[in-house]
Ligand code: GLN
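Here you get one chain, nothing else, as structure tokens; it is the form predicted alone.
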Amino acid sequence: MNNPPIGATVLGYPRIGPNRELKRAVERYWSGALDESGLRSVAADLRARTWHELTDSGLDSLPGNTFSYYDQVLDTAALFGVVPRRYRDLGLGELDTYFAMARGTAEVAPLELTKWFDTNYHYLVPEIALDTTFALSGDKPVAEYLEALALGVTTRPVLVGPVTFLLLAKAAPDAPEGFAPLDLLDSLLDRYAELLAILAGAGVGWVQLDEPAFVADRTGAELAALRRAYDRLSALSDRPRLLVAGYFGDLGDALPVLADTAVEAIAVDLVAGPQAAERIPTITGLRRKTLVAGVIEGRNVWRADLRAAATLCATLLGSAETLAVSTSCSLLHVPYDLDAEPDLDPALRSRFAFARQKVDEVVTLGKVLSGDGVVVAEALARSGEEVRRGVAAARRDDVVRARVAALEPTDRSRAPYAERAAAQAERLGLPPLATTTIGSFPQTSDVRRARADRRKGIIDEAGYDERMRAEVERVIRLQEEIGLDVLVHGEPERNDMVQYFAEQLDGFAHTEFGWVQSYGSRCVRPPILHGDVSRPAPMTVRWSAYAQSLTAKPVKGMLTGPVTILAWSFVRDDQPLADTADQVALALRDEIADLAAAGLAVVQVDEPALRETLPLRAEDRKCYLDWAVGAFRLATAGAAPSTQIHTHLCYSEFGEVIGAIDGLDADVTTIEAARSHMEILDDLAAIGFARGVGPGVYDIHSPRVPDTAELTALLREAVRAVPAERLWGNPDCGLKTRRYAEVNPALRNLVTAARTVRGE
């Protein structure tokens, strides 16, 4: 068995391919244009490329088993046989059953999708029943280790840790009251022990078990479960060495628990949890272990100050038997390679580091620890100069700063809701249980081709506008024919709900190939917010005003809220997030004023990221929610009482922020509810929520078309929690990624269901 020291490493690496090769291959497989062997060939090529790049970089230890066709939590569920019967009963092959759990089929809905801690990555939520029997159902970690070994590369298989896996899972719908997945920990540990023995037999020297659930607040029972798990796994006689990784924050009380077990190494995030550095020297159990110091930021694109990172590492020397250096978390959350972006402003570019550059930073710090003086001195000096030069290049706008400084509490308040509701009812004349969509309509091949043709210069701006106006009119006519009550323009001109706005706001930089996985095959290019934010000109008004000119029905203006723009961008770290959020909010406030002046009576300000950005520790949440809610209210409070403000939230556990959702003071809140079985309505009822609610009644991330009976039943359930005059019928998210063959019947069924329940 090969047990080299960990040295310089990373906790994970991007897996979609530098040019989104995996996305394209998976989507071709789904469409039938690529067979399974072709898909697996693309995957093998991507894995080989990653392993060779990381080997050539000079890392001492490489993560393995980080590849996934969709999601690492879903991989873990499949590995241990956590496949609900409804998917097994489909009679599909292994890979198609896996994708059925992720996307659903015509017969069954997919697993619930939610945010991976406080990131913009989504995972599939495993369902565990009282009678779930864990069983090793595949060999993915072993197979990928041997695959790398055949290429001359030794890897460290990475697995979601057993306790985090169970804490992220949810009880199956038929589970008895009081049952929690963690109740089955001992049974799951049997299978982890079995897998570790198999890995040891294959020659694996190290295994990384990720336990990020413990950077959040945990009960004494959960901490005891962590201790029990790693006492048992570390006591196995036939196993590789164990590295337990906690990231996205400070492990807190879990760190001494892990230190008291016999695991060989612990990785800590000293970027999101810098306070841990003060406690580490006091934890005696660490002195028998390798401490993997996560000092290179894994979630943002700013270049590290290597001199400061090296100084921090120096303070930890002697706290552990061996000190290694790493990224703070997996590099899954950043783009591949800054070298693919030659068109970025050189002054700004010097501030950035993508995954490939962060690996280089880790390697340099590894040389610091090993005493390679000459190379290191040059690198540290260059790093410090680049950071200073980049900060000096940051854009400062004194007008924006003065406007933020002059804000008063009244700038964040609207008229009372009763007054607004009466004014909106008179202006809009909507029926009870009004129907609408969340904003986007399918981006057809013609729409994407028009955008590509404009980028390539095949058509000019006038030609592009003509095509987009034709698409807007087509979408408006379709919605009128279907019978929706509040329409949208369909957003054909938008590439992404954050990128589209960032490209029109000062203070942002943009990439050409800076793709990051959000979920499955969904990839985004987060803009980089590097300076003060302002709006040089209206961003959406001409499209929304044109759509409204085509119909007598109300059309929603569509904006992305300040919290989501920050959450789905790489954001400057040289000033408080609250100040940056207010700058963005003021730009949106001006946009809402222009939409209203253009005749729009309804404006939707989406905040799907409100919950995902919630701090993982309860003690930090009030501060966050205060500025997050305040920024939304700043953006919307300038609207007249007769202008109806909607917001939209999706794919998160909302119970913890239900008070903040109320605090947004939106006139209508549309919210994901299909995958979570309308659970949100009970939370809203519990706090006496008294404004409009649109629980999403069907899941748009699945190709499945719900029938009228299903939608009618869901709306009937919703009416029991929300009076019909405040209830809306809508999908749970935008329709951009769907096909019209799915959208048309689903929306028709929705309208029919709404009319049925309205009549009742």
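Nothing here was measured: the structure is a model prediction, and the numbers come from that model. Rigid core (definition): largest C-alpha set, two forms, superposition within 1.5 Å. Throughout, we count residues from 1 along the sequence that is shown.
Keep in mind the form predicted together with glutamine is missing from the figure; the text below concerns it.
> Just to be sure I understand the contacts: of P492, P126, P608, P162, which is the one whose heavy atoms reach within 4.5 angstroms of glutamine in the predicted complex?
Only one option qualifies, and that one is P608.
> Would you kindly say which of G246, G514, G439, G294 lies with a heavy atom within 4.5 Å of glutamine in the predicted complex?
If I apply the 4.5 Å criterion carefully, the residue I get is G439.
> Spot the stretch among 5-13, 747-755, 19-27, 734-742 with residues whose non-hydrogen atoms come within 4.5 Å of glutamine in the predicted complex.
Of the options, only 734-742 has residues within 4.5 Å of the partner.
> Taking glutamine as it sits in the predicted complex, is H333 near enough to touch it, meaning that at least one heavy atom pair lies within 4.5 angstroms?
Residue-level check for H333: no, no contact with glutamine.
> Determine whether any heavy atom of V82 comes within 4.5 Å of a heavy atom of glutamine in the predicted complex, and answer yes or no.
No.
> Can you tell me if T261 lies within 4.5 angstroms of glutamine in the predicted complex, counting non-hydrogen atoms only?
T261 lies outside the contact set for glutamine.
> Taking glutamine as it sits in the predicted complex, is S521 near enough to touch it, meaning that at least one heavy atom pair lies within 4.5 angstroms?
No, S521 is distant from the partner.
> Please state whether every one of the three residues M497, Q604 and C650 places a non-hydrogen atom within 4.5 angstroms of glutamine in the predicted complex.
Contact check passed for all of M497, Q604 and C650.
> Going by glutamine in the predicted complex, which residues of 70-101 come within 4.5 Å of it through any heavy atom?
Going through 70-101 in order - heavy atoms within 4.5 Å of glutamine in the predicted complex - there are no hits.
> Verify the C-alpha shift of Y247 between the shown form and the other one: is it 2 Å or more after superposing the core?
Shift at Y247: below 2 Å after core fit.
> When the two forms are laid on each other by their rigid core, does L62 show a Cα shift of 2 Å or more between the shown form and the other one?
Shift at L62: below 2 Å after core fit.
> P110: CA shift of at least 2 Å between the shown form and the other one after core fit?
No; P110 is a residue whose C-alpha shifts by less than 2 Å between the shown form and the other one when the cores are overlaid.
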